[in-house]
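Presented as structure tokens, the chain that follows is alone, the form predicted on its own.
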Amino acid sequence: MSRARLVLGVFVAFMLAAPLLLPEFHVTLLNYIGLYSIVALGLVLLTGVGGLTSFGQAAFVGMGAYTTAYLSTAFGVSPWLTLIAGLALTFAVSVFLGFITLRLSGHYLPLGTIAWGISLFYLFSNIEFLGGYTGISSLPEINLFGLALDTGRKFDYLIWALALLALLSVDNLLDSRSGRAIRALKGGGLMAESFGVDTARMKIVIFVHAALLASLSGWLYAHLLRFVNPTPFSINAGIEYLFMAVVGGAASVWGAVVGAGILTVLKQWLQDLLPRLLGQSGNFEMIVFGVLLVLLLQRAREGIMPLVLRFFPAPKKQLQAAAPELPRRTQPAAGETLLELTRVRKAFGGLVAVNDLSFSLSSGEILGLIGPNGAGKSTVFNLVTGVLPLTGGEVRFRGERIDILSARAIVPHGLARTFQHVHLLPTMSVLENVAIGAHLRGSKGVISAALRLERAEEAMLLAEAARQLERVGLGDSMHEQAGSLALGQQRILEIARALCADPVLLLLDEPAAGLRYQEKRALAELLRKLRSEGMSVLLVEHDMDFVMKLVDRLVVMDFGEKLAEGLPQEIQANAVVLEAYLGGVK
């Protein structure tokens, strides 16, 4: 048994025994830690993993609490039915707020969450049928299979059972195809879109998921106390929840429990100690929390859990040797025209980066796109792959216009790319980075992932990623963190990720940059092998010795325009090219 499983077993055993053995005060603390852990878990998913900062989660806690309080006291509705109603209402409101708020970026996003968090708090406070600032009392107790959960000791089991289920579901979600897409939101959005991930949709998904967890916590809170008023759902509470996620480890599922536990116990201790030391009452613990947060961000900005996890390394992903291969697309016939650029133009204001560029690429061909720095080569890549919109002209792939499509809509047609500056997720394994390339070759969604119903598909995706890593010579590094690889290896990783998308056209933006001589030779052999298998390649590269020995044809760009086009030997003998790019005629 691994150390991680042993620790989990001890934790579960403690939670089973605690309500029977601990004093009432400590059981109450455990209840609050469980409630706060559920909310902080949503922030781990939303902020720590997805990179979307929210200060408004307390408002969703209030939504779950007030829905059950009103329906159960005013109409006598069963608490279990009010849970469904609260989650449904929270779902609708969070989808609406998500579409509005998540369009914001930078510091405007957290400011937006503060705005609607305050608005919902005052809504709870001023609606007459919700009791105003007085609140709603005399909520009914929850009955579970005929057992009345009428004490904190009994209620503790329900809180922690739901908290553990929530932890398990989020852990399952992150260990999946959808989870890789979520993890790519933070710092890898452009790359993820280029492999078919709908990043806007995934942001809504995690926003709603976090809101539903907060609503669940609110439902539990209301029936634990059997009373609600607006105070626990203020913006201050939202800040505390975010603080819990940051302290515990905003990118760690179990960081939610650690952060909630530390802050709940510390807050209780400080509330007892500080008034005695200072001789007056007040929320002095918030001052201490502020100082602690500054120190934490200086010394351990990733939170406490990453420090703990050093002693509990994650096990290597087990690959199924007999996992079926993913379906593969049929390669086009040799000589078929794949890519056509017709008078393509891109202007950034008054700067024309690409000016009336036209060329074509045929199936089974390696076409080199060369030119001085700033010639517009990478801009052409971004135009072809939908990262940038055209100012004029057309881009067709196999006869179909693709310049009117988004980046993620172009990928299914059979194009995959690498980047001039490496785009990868450094804390994820090499294997999982490559598996992102196969995102569109899977179909299971978030719910299937959370319930762990997509294991067969996940095995196929990981097996495909492993095959591509073996194909490019990185098989021995698949379980290492991608950020630990040398730059040359990271570029090879990007090629493996692109191959994982099962393309018919591979667009490589300076793949040999940073590679040593032997690595370049191995890359050239790999590309020749891919061409022999029917793969077509559009290559941007500055190493002329590498390019001239590899490509079938060359297109030379200068100042955004096509300077020349032809066979490598023709380009080498072209006086205009020699003068403009290769150093002049000798």
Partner chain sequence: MNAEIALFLIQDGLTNGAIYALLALALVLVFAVTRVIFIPQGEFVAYGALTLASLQLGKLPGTAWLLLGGGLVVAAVELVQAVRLGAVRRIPAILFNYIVIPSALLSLAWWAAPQKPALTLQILLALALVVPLGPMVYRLAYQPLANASVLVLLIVSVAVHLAMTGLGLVFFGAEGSRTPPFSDAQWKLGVLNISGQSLWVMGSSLALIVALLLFFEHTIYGKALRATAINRIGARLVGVSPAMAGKLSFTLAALIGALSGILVAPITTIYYDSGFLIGLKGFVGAIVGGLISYPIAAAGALLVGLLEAYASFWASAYKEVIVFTLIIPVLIWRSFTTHHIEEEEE
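Note that the structure is a prediction, hence the values are computed from the model and not measured. Numbering follows the first chain given and starts at 1.
This protein has a second form, the form predicted in complex with the partner chain, left out of what is shown; the following refers to that one.
Novice: Indicate whether residue 55 is a 4.5 Å heavy atom neighbour of the partner chain in the model of the complex.
Specialist: Yes, residue 55 sits close enough to the partner chain in the model of the complex that at least one of its heavy atoms falls within 4.5 Å.
Novice: Examine residue 284 and determine whether its closest non-hydrogen atom to the partner chain in the model of the complex is within 4.5 angstroms.
Specialist: Because a heavy atom of residue 284 falls inside 4.5 Å of the partner chain in the model of the complex, the answer is yes.
Novice: With the partner left out of view, is residue 405 within 4.5 angstroms of the partner chain in the model of the complex by any non-hydrogen atom?
Specialist: It does not: once the partner chain is placed as it appears in the model of the complex, residue 405 has no heavy atom within 4.5 Å of it.
Novice: With the partner left out here, check for me: in the model of the complex, does some heavy atom of residue 301 sit within 4.5 Å of the partner chain?
Specialist: Residue 301: contacts the partner chain in the model of the complex.
Novice: Would you mind picking the one in 455, 329, 103, 479 that has a heavy atom within 4.5 Å of the partner chain in the model of the complex?
Specialist: After the contact test, the surviving option is 103.
Novice: Exactly one of 186, 413, 467, 317 has a non-hydrogen atom within 4.5 Å of the partner chain in the model of the complex; which residue is it?
Specialist: The residue from 186, 413, 467, 317 that makes the contact is 186.
Novice: The chain here is shown without the partner chain. Which stretch in 320-328, 223-231, 84-92, 115-123 comes within 4.5 angstroms of it in the model of the complex, by heavy atom distance?
Specialist: Looking at the partner contacts, the answer comes out as 115-123.
Novice: If the criterion is a non-hydrogen atom within 4.5 angstroms, does every one of 5, 38 and 174 touch the partner chain in the model of the complex?
Specialist: No, the whole trio is out of contact, none within 4.5 Å by any heavy atom.
Novice: Go through 222-240 residue by residue and record those having a heavy atom within 4.5 Å of the partner chain in the model of the complex; state none if no residue qualifies.
Specialist: Result: 235, 236, 239.
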